[in-house]
Structure formats: structure tokens, C-alpha cells
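Here you get one chain, nothing else, as C-alpha cells; it is the form predicted alone.
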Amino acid sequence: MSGQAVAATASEQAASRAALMKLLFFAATLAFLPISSYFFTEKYIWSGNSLYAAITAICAANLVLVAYIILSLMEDQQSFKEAEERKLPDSKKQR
């Protein structure tokens, strides 16, 4: 295997590991944050009103999902730019 192929394989493994870690972080956050915000706000903020606590939990879940989507889009744009930068030197070599 050439050095470039080994570097590409290591880069792909690092990228997949980073994506997996990001997914696990957001999955744990999505499991923990809405439930904890429900019970915390029901007891300390809304004084036993479960409707407002449920709305707070829904907002917390939506915030986690929006944050995941935004980070995924930013990561996708960054990888697209890196791919374009790699293509530019190759196209100049062909001329």
C-alpha cells in the first residue's frame, strides 16, 4: 500500500470516529437533557405545573436536534471545501 493510501485510510477512520463520537454525544444529550429539564423545571421553576415543564422539555429536545443539524451542516461544508482544495492542484497538474 502506498503512503497516500495509508494516509487516506487513517484520515477516513479518524473522520468516522469523530462522527461516531459526535453522534454518541448528541444521543446521550438527547436522552438526558429533556428528562432532566422536565423534572428540574417542574420542581424548582414551575412549582409542580407539569404542562410548562413538558413544554420546557420539548424545547430542550428541539435545541439539541437543531444543534446537531447545524454542526452536521458546518462539518459537511468544511469537508466540501477541503475536497475542492484537493481538486484544484490536481486540475493544474493536468494542464
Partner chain sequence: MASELCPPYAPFFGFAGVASAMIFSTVGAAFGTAKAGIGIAGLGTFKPELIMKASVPVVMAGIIAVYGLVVSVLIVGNLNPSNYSLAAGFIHLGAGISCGTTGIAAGYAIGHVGDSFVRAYVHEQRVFVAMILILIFAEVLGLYGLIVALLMNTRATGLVDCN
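The structure displayed is predicted, hence computed values, not measured ones. Positions refer to the first chain, counted from 1.
The form predicted in complex with the partner chain is left out here; the points below concern that form.
J.: With the cut-off set at 4.5 Å between non-hydrogen atoms, does Gln13 touch the partner chain in the predicted complex?
T.: Contact with the partner chain, no.
J.: May I ask you to state whether Ile58 is within 4.5 Å of the partner chain in the predicted complex, using heavy atom distances?
T.: The answer is yes: Ile58 has a heavy atom within 4.5 Å of the partner chain.
J.: With a cut-off of 4.5 Å between heavy atoms, is Ser47 one of the residues that contacts the partner chain in the predicted complex?
T.: Ser47 lies outside the contact set for the partner chain.
J.: Going by a heavy atom distance of 4.5 Å, is Asp76 a contact of the partner chain in the predicted complex?
T.: Flag for Asp76 set to yes.
J.: For the stretch 27-45, which residues lie within 4.5 Å of the partner chain in the predicted complex by non-hydrogen atom distance?
T.: If the 4.5 Å heavy-atom criterion is applied to the partner chain in the predicted complex, 27-45 yields Leu30, Pro34, Ile35, Tyr38, Phe39.
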